[in-house]
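Only one chain is given next, in structure tokens, and it is the form predicted alone.
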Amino acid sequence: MGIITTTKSEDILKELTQHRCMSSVPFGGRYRMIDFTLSNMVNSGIHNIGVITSHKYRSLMDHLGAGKEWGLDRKSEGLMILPSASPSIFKKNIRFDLKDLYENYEYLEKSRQKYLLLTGNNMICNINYKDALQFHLKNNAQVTVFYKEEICHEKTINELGFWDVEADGRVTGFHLTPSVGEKNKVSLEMIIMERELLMDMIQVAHAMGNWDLADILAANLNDLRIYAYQFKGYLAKINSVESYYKCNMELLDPDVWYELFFKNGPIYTKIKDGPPTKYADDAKTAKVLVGTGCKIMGNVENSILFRGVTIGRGASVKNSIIMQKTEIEENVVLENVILDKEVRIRKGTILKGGQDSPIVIAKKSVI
């Protein structure tokens, strides 16, 4: 079985989470962030999936529905929306809040699967969990965590954790500060364990009053057989507005695009019927990822357009992310900007951000 939980402060994406939770933040032209974790689970044969909601979840509920697009609209099990015990958890810094799972303890009790996959909501990748489960069984592990090996160039990295791993894969430590200029094992915030072991940990957390699963694992490294599974594919770590912008822009690389959306199985999302995108005779586009139903009459370069975007004549859009049903009028100049859904940019407006500090315009704004 799988459980997707809220593990990050919603504040890190600022205007993008003003009207929605992080799981339902748009990504990659027509998807939401939760689509990747859900699709990975389904492609790996997991069909009993619980999604824990915290707050601002109307958008998420509308997107998921009964889980039809992921094949989860079943008579038994399938997709289950679970309430959070701490609606204000987005103000805290708990990586896996066992209080949320304690609130849904009966759901765990009634589930039939032996193994459980617990994931966060801000690591975007295309991964086959079957391989990780085989790794878990081969090592006779009680807990398997996931990591990606990367060189870190900053002393502190917002919202990321790092595992210390021996050559045989055994975990020896967990910390929040990377080694600068060296390879670090970045936590993907994904955990495999037996369902009953997690239930025991929840009872221990209830008795101790410490609800952070990461703390419990770190305190019991010598008592538990904890191993780390290395993921070697593309990983988008969404831990700031800047990283969100950077990871979307990386999709314009065909190799990254193919690996993320197809390598270990397709990524599914909510279906919306619409017409093809219409290009004016004098429109110019280069290196652009475009959703359906757009009208492009200006120039667009190195950008991502979601469904139903209108680009007016004489407008110039570069290095930008333009979300659904946004209207850009004539002679507008946009560079390094993120426009949320249903934004309207009036004639002649010029907005230019930096590549390391894009301008973000909130949903339904008029500029």
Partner chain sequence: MLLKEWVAMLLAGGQGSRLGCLTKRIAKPAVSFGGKYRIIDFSLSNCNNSGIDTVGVLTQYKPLLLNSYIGIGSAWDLDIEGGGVFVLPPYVGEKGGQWYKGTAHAIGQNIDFIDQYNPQYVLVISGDHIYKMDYSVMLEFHKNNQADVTIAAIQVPWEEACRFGILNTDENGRIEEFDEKPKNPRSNLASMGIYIFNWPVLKEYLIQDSQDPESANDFGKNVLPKMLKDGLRMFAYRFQGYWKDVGTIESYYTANMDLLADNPEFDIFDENLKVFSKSPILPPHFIAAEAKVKNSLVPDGCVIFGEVEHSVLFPGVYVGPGAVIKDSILLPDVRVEGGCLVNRAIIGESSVIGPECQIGYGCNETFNPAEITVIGDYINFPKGVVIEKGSSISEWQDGELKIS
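Numbering follows the first chain given and starts at 1. As the structure is a computational prediction, the values presented were derived from the model and not from experiment.
A second form of this protein, the form predicted in complex with its partner chain, is not displayed here; the remarks below concern that form.
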### Query
For the chain seen here without its partner, which of 219 to 227, 160 to 168, 291 to 299, 97 to 105 has a heavy atom within 4.5 Å of its partner chain in the predicted bound form?
291 to 299
### Message
Under a 4.5 angstroms heavy atom criterion, identify the one residue in 183, 272, 130, 175 near its partner chain in the predicted bound form.
### Response
272
### Task
Tell me, out of 252, 197, 137, 208, which residue has a non-hydrogen atom within 4.5 angstroms of its partner chain in the predicted bound form.
252
### Query
Could you tell me if residue 28 has a non-hydrogen atom within 4.5 Å of its partner chain in the predicted bound form?
yes
### Query
With a 4.5 Å heavy atom cut-off, would you call residue 287 a contact of its partner chain in the predicted bound form?
yes
#### Entry: 4.5 angstroms heavy atom contact with its partner chain in the predicted bound form for residue 267
yes
### Task
Determine whether any heavy atom of residue 204 comes within 4.5 Å of a heavy atom of its partner chain in the predicted bound form, and answer yes or no.
no
